[in-house]
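Quick heads-up: it's one chain on its own, the form predicted alone, in structure tokens.
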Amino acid sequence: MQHKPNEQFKSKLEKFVNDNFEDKFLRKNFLNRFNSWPSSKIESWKLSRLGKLSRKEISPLLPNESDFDKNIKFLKRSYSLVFYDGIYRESLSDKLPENIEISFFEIKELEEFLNKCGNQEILSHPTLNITASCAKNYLKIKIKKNFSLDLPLEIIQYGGDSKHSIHPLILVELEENSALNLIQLYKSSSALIAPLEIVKVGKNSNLEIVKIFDDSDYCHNLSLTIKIIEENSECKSFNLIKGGAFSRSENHVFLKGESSSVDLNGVYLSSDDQHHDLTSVIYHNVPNCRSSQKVRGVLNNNSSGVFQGKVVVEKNAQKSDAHQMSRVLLLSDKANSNSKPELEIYADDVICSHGATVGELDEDQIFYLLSRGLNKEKAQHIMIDAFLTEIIEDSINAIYLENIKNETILGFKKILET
């Protein structure tokens, strides 16, 4: 079942594709798979309802390709790639070392990749289909073999307005024996941002990704990332979600090579009526692979948070090691937390576990801190900081650990004030 079709949005999508692209017939292959937003009757969307989004009167934004004098880098020392209104802005971005190649790829390459992937859940995903059809260009970032970037690479997404959607599409490819630290910052002012990302990590390579979701308070962010991890490679990913009206960071990870591994950790900080969602599916396709998912959330007021983590261990994926854990603090009796860890195991020689807890701040500990002269707000601050510090330190590279800690502190200070 789907939501009642939003004919206005579908017609705007069709008009946008017809008016702006020479390859419109290829793009319509994606567009035809999108009829409406998935409803809560679809299992993977049951805990994250898109009713408000389906009622929005929005249309894709035709990017203004003029130069802008603005750069909101997160780190002082980094290379940055800037996207404004969903498209790459070379004039605002830094010059990269020659071993990083920036190019654009064609829709046929995307189709070939998805056909090889052959995953129906991905092929029917709304972000895939609306962004593949509406993205102004498809950007490829290639890290050449035997190269490690000396500084983090930032991808900054901003722009948009309250009546439009924006659709960035990025392919990040690490060739054999390469390494990259990647920061992605979402500061969109659009009604909807639907980022589609494909990440390929070649043999013996290492990728660390940090995503910070800090969009405007009316923005819906439906992020979809597809990761392919090859032999002896590692991908560590951390999401900090604190902005937007509705933010969903969804990952589909394919462990394709033996001795590959992935960590998908995250923190969400929610208040007012915000809804934040960390959803993932990890496919152990070959033996001797490892995956870990650790999520912590803090919810206040009428906010809601979701962790959906699914691990699929195929029959020949013996010696798989997969673990999931979600822990949430509720600061209000009106807040709502849903955790749904799942294991789907077809192999018999594996180590797999999952768990979830939901609780409140310990009143005895708060009383102890109050007895030491602290006010209640400061006591809560100390306890939340302790609750989050462990996962942050376990997930974040030392290069930007303090920056992420500071962003997190700003996030939970804000929710304590509301």
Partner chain sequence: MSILKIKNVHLKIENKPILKGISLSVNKGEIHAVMGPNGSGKSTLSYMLAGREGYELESGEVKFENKDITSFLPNERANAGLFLAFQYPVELPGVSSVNFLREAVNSRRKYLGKEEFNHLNFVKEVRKVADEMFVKDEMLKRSVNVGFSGGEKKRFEILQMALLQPVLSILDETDSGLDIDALKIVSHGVNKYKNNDNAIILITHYQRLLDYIVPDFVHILVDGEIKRSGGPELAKYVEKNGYAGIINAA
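Numbering follows the first chain given and starts at 1. Quick caveat, the model's predicted, so the values are computed rather than measured.
One more form of this protein exists, namely the form predicted in complex with the partner chain; it is left out here, but the text below deals with it.
With respect to the partner chain in the predicted bound form, the three residues L369, R372 and I382 uniformly fall within 4.5 angstroms at the level of their nearest heavy atom. Although the partner is absent here, Q365 is a contact residue: one of its heavy atoms lies within 4.5 angstroms of the partner chain in the predicted bound form. Residue contact with the partner chain in the predicted bound form: K378 places a heavy atom within 4.5 Å of it. The partner chain in the predicted bound form is approached by A386, whose closest heavy atom lies within 4.5 angstroms of it.
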